[in-house]
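Take a look at this one chain, the form predicted alone, written out in structure tokens.
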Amino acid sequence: MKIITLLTDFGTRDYFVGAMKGVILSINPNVNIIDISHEIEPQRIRSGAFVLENSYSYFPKGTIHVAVIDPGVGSQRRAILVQTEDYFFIAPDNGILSFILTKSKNPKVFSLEDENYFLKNPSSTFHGRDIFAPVAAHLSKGVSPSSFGKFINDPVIIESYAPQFISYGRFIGRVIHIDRFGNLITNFKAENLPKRFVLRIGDFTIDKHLKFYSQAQTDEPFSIVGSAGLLEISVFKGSAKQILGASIDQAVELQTIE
């Protein structure tokens, strides 16, 4: 049985996710649909890319991953299918698959163009239902990736999101995702962290780096390396997002301590 995963910013209160699943099952009732998340902050492409990057490889080979965070829906942006050695990815061509395109060996990218595999009269506001879902379903039934459209070699790849060097011992990173607990996931990788450092975000300075959450006092901000191997800013029994007033893409300064 083929597996199709769904990752969107649609939430679950509206009909959007249910409609996508209905389309898929109408085309292939024998597919297994798995929700990765539908709670990506609206239109936050980098946040969606982070969640997908940290979940896709735990699925069996041959899984079809559908990612729809699509602020450009209805515009001239392309819809694409990416084939790697082990997986398939279907998404808008807006950079959400940048990590796949840069890390995979010889990925093949196809532009979704053949309307025979879309729903009739696609809406200009809901390509998740009318294009991405039916293409995923047809792909799960064995349709060749090249049947959906031509091969392309210029997919959108967003710029590197590595921390920027400012001056000796100082770097500026970013909050790339905020999880449901209010933890701020940054783009500082664990393997690149100095032995001692302080962080500054907004008006706050954070000088405690801990190994597990309960080492901190209640409502005390601290940093910790999370399960994705990235530095996080957390608050024990509280929300770093709320207490620090933080948001995705906010700057985080790291200062090395000699």
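Remember, predicted model here, so these are calculated numbers, not experimental data. Rigid core (definition): largest C-alpha set, two forms, superposition within 1.5 Å. Position 1 is the first residue in the sequence shown; the rest follow in order.
Below, we turn to the form predicted together with a further copy of the same chain, even though it does not appear here.
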Interface stretch in the predicted bound form with a further copy of the same chain - options 78-86, 148-156, 178-186, 97-105, non-hydrogen atom within 4.5 Å | 178-186
4.5 Å heavy atom contact, residue 126 and a further copy of the same chain in the predicted bound form = yes
Just to confirm, residue 37 within 4.5 Å of a further copy of the same chain in the predicted bound form by heavy atoms?
-> yes
Examine residue 12 and determine whether its closest non-hydrogen atom to a further copy of the same chain in the predicted bound form is within 4.5 angstroms.
-> yes
Taking heavy atoms and a 4.5 Å cut-off, does residue 19 contact a further copy of the same chain in the predicted bound form?
-> yes
Any residue of 206-222 that, in the predicted bound form, places a heavy atom within 4.5 Å of a further copy of the same chain | 211, 212, 213, 214
Displaced residue check between this form and the one not shown: residue 192, CA, 2 Å or over, core reference | no
Please check if residue 32 moves between this form and the one not shown, taking a CA shift of 2 Å or more relative to the superposed core as movement.
-> no
